[in-house]
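Quick setup: one chain, the form predicted on its own, written in C-alpha cells, and binding and motion questions come after.
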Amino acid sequence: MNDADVSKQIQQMVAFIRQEAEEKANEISVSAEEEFNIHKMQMVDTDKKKIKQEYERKTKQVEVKKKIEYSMQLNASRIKVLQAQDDVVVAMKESARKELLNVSSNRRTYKDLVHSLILQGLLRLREPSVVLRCREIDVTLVEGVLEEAKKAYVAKTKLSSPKIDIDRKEYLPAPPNNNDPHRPSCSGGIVLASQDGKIVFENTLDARLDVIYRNKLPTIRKTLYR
C-alpha cells in the first residue's frame, strides 16, 4: 500500500470518526433538550399546582371570613331583636305595676282585696299566731278587716281564731313616687309571717304581679311574637 492509499484510508477514518462524533453530539444535544423540556414542564406543573393551592387556600380563607362576619351580624341582629322584645315585655310589666296604684286608690275595692289577701295568708300559714306587715298608710284599713278575716278563717278551717300582731316597727315601703322612682316601694297588700319568722308569705300586689309575670311570660312572648 503506497502513501496515497494510506493517506486516503486515514482521511476516511477521520471522516467516519467525525461523523460518529457529530451524530453522538447531536444525540446528546437532543436528549439534553428533551430532558430540559421535561424538567421545565415539571417545574411549570409544580408551580401551577402551588399557585392553584394558594388560590384555593386564600379563597377558602375569604369564604370562612365571610361566614364568620355573617354569623356575627346575624347574632348581633338576633340579640337586638331579643332585647327589643324584652324591652316591650318589661314595659308591659311596668305599665301593669302602675295600674296597681289604681287598685289601692279605690278604698272600698282595696279593703275587700286586703281582706282576701289576709285570709289567703292565714290559710297558707295555718299558724296560731302570726305577724302582719303592711304599708303605714294601710294600718287603719287593715285593722278594719282583721276580725272579719279571722272569722272567715275559722269558718273555713274549723280551727281556733289566730292571733294577728301588726308590725308597727317595720312597715312595708310606701307607694311608688315619680319624684324618686328608684327607692323601694310597695303598691299595696300584706306580708304574713310566723312569730319566729321562719315562715313568710308575701302577698303584696307587687309580689302577685311578679308571680303572674313569671308564669305568663312564655304565653306573653308567644302572643306578641308568634
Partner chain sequence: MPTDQAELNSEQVLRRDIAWETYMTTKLITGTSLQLLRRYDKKSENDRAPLLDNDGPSYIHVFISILRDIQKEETVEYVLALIDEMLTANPKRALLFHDKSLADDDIYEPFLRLLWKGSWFIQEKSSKILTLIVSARPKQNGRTNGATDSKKKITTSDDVLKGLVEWLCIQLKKPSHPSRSIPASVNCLATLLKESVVRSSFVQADGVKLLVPLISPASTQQSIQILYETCLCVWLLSYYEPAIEYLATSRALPRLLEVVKGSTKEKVVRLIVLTFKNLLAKGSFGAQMVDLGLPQIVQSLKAQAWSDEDLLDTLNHLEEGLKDNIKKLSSFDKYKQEVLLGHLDWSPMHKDPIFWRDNITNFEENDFQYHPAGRIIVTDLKAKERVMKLMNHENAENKN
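From a predicted model like this one, the values you see are computed outputs, not experimental measurements. Only the largest set of C-alpha atoms that superpose within 1.5 Å between the two forms is called the rigid core. Residue numbers count along the first chain shown, from 1.
The form predicted together with the partner chain exists for this protein as well; it is not shown, and the discussion that follows is about that form.
Checking 59, 31, 160, 178 for any heavy atom within 4.5 Å of the partner chain in the predicted bound form turns up a single hit: 31. None of 165, 45, 54, 27 but one reaches within 4.5 angstroms of the partner chain in the predicted bound form through a heavy atom, and that residue is 27. Under a 4.5 angstroms non-hydrogen atom cutoff, the partner chain in the predicted bound form lacks residue 11 among its neighbouring residues. Within 4.5 Å of some heavy atom of the partner chain in the predicted bound form lies at least one heavy atom of residue 19. Only one of 64 to 72, 170 to 178, 31 to 39, 184 to 192 lies within 4.5 Å of the partner chain in the predicted bound form by heavy atoms, and it is 31 to 39.
Relative to the superposed core, residue 36 undergoes a C-alpha shift of no less than 2 Å between the shown form and the other one.
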